[in-house]
Structure formats: C-alpha cells, structure tokens
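One chain follows as structure tokens, the form predicted on its own.
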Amino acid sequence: MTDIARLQIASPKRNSKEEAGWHGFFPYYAGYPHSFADKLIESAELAPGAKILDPWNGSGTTTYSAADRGYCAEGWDVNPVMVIIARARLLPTSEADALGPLARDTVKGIRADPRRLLDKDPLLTWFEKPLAALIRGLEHRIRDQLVGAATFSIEGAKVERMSALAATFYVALFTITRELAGQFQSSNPTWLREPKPGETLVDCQRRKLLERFVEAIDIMATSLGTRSHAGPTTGPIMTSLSVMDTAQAKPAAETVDLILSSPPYCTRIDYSAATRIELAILYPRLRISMEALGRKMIGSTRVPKEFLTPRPEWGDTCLAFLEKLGKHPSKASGGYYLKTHLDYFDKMARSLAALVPVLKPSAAAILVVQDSYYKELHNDLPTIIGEMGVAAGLSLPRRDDFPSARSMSGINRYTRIYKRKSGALEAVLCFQR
C-alpha cells in the first residue's frame, strides 16, 4: 500500500535547468521534470519488483525514472513517435562510447536519391527535393543498419520493438530535421506551420547535413556518458513501451503498483501536429497521417465522427462547464468547440475507467493536471478529473496545487480580450484504489 500522505511532491512545472544534459534531448511541452518523478517514486517506497505505469508516457520521464530506480516500468502512448523517443531515453550509459563511431559509419556514402521520395512525400512540405531525398536516405540507412524486421516489415510497424540504440539515432535525425525547418516555427512552440504560397523552402548542402547529424550524436554520447543514476539496481530492469490508446486499453487486472502520469491538457494543443516533422520522417514506415493520429488523441482539435452527449459520471463541474460553453455567444461555441470538448471528456472518462482495474488494491494513481480557459470560462480540469476518478471507483485523499504565472494559452494574443486570471494552475491529484 502506498502511503499517499508521505509522498514527496514538488512542483511539476518544467524549467530550463531540468532540460540540460541527457534529459534535454527529450523535451515535452506537457510533461513534468525528471526531478519531480524521481522524488515522488523514491518516496513511494515500493517493494522490489514493483511495476510503475504511465498511460500517457510522452517522452518517457516516468518510465526512465522508474527503470533508473530498478522498478518494472510500463509506458503507453498513442503516438508512435513518442514511443520511439521514450525508448531512446532508456539507452544504457554503456553504449555511449559506441555512438560516435557508429554515426560516422552510418553517414558514409549517403546521397540524395530522388527515387526514395514518395508521391506527395510529406517532407516536401518544408524541404527542397534534394534535401528531402537526403533526409530520406539517412533514415533509410538508419533502418538498414539498426532496425530489423521485428520492428519494420511489410506487415506494418511495431515501434515498441525498436532498440534503444536505433531509437537514439532516430531522435538525432528528428532533432536536426526540426532545426532545419526552424524558419517555419510558429509563435506556438508546439506548432510547425506549413509554408505560405510562394515561400522559399529549406535547402542545405549534403556535407553540412551529415556533419550536423554526427555532431548531434556526439553531443548525445557525451551527455549519456556523464549521466548520473539514482543508485544501483537490485535486479534486471523490465521496461515495456507500447503504442496504446488508453481509452481503448484492456490491460491485465491488478498488476500495477503505481500510476504516475500527466494526461493531455484540454488546451487545444494539437498533439499530432506537434510531431509533424517526426511523422513525416517516419511516414514510409508508419503510413499514418497526422489527421488519423490526431483523431485518436485525447484533446483532438478534430470534430468527432460520432454524436456525443454529456454523461452523469463526468461530474457536476464538467456538466456545468459544458452547459456554459454550449450557451456561450461567441462563434462556433455551441457547435465545433462544444463537440471537441465533449470528445475530450468522453475519452478522459473512458481512460480513467480503464485504468482503475489495472491497479492493485490500495495502489496509487498520481496525475498532474492543468486547468485552462475557454474564452472567459474557467475549465477547472483538476476538479473535473478528480470527480471523474472518484466516479470510476477511486478515492482522492490528497491534492497539491501549484500556480504558474505562465501557460500555453497566453501565447494567443486574442485571449487577452477576455476577463480571466493570467497563468495556470497545475494540480497533482493523488488517487487511491
């Protein structure tokens, strides 16, 4: 049994100091820092061999911290890009010395072959044809050298089987490709826009691209080699990462000792668009469109295809918010915006209901949740998810609140016309079964 009262809960707000070294290669806009997860997991005082689950694993902060402390770790994410990134984060320090030589061998002889480009290749959205072909060639070489048929085959992709070494090379490719497309970065740091008609696309010399890839690997190798550990492990580490839709999950019952996660925020962040470049790089392997992936995600900006109505188990706070939203006088409030919010709350309620059975009796589920606003209407998401969790069969013995002066919603200058509090509130909800 987890003693929730004794958990050490620091602020879950990310900061620049936390994004240096090895962890700096795995930024995630909706997560919490490694120090938050590490302290909380340590204070949980779980038994050796305990399993920790993050059902919205993102870049893998929870699974890394759990594995680093010798626990079994399991992470789910509906976005295969994030599963690859989380896998790379688990690369052992013993591999650091091999990364540089392997990178130099990888780039030998790579040329821009236009035949590697697909019809309507998504990389051509931002890059001139020769550069897009060169990026395709580098991805093809990484796959040939480091990825086997268990991961990519004619039957499809199973990125959960990718090695941490191969995933690290993909992360380096993601990094340099995103840097090249930096001119298309919008004011929203999660959004890479498409070029405007007539706007010049990105080009780059072959030598410069390949040198930058090797440099990125060298920097990662140095950071990996100096990475600190929480302490010696007591046995073999079992870590499982899966492409999984939490709302559709049917895991084995009573197998998890602790859930630690941050579910997607209800702030209209398009989580699939945030990995637009990475999905473009992987498109020949995944064959999944950004739109199709976005529809699966909690917080989708796309109108659901099925008709949804509020349900009592969503709680009084949620129902009251939806009623105000539907009656709001602004354009599309009772149509598009109501429908996308209904989709969010439907998926969140189904996800919580799916997670309760996986917990062992008296196990804890710790969720980091941020509030938001629709126009001037306060979307009190911490209270809403708290009520949903209780309706699903959990108790909520503890909640720690951390106000923040900044939030993603403040990026949009049009929000300043509404009378509402600035900043955001991040709450750490401590549920228990």
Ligand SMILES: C[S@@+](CC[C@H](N)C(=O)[O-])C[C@H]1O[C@@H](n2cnc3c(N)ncnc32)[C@H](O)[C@@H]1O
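On a predicted model such as this, the values are computed, not experimentally measured, just so you know. Counting begins at 1, following the sequence as shown.
A second form of this protein, the form predicted together with this ligand, is not displayed here; the remarks below concern that form.
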{"query": "Contact test, all of S65, L91 and T239, partner this ligand in the predicted complex, heavy atom 4.5 Å", "finding": "no"}
{"query": "Option from 56 to 64, 390 to 398, 41 to 49, 373 to 381 whose residues, in the predicted complex, bring a heavy atom within 4.5 Å of this ligand", "finding": "56 to 64"}
{"query": "Distance check, M244 to this ligand in the predicted complex, heavy atom within 4.5 Å", "finding": "yes"}
{"query": "Any non-hydrogen atom of K296 within 4.5 angstroms of this ligand in the predicted complex", "finding": "yes"}
{"query": "Distance check, D343 to this ligand in the predicted complex, heavy atom within 4.5 Å", "finding": "no"}
{"query": "Contact test in the predicted complex: G137 vs this ligand, heavy atoms, 4.5 Å", "finding": "no"}
{"query": "In the predicted complex, the one of M82, L258, I176, M220 near this ligand [non-hydrogen atom within 4.5 angstroms]", "finding": "M82"}
{"query": "Listed residue that, although this ligand is not shown, lies within 4.5 Å of it in the predicted complex (heavy atoms), from P310, P264, G100, P357", "finding": "P264"}
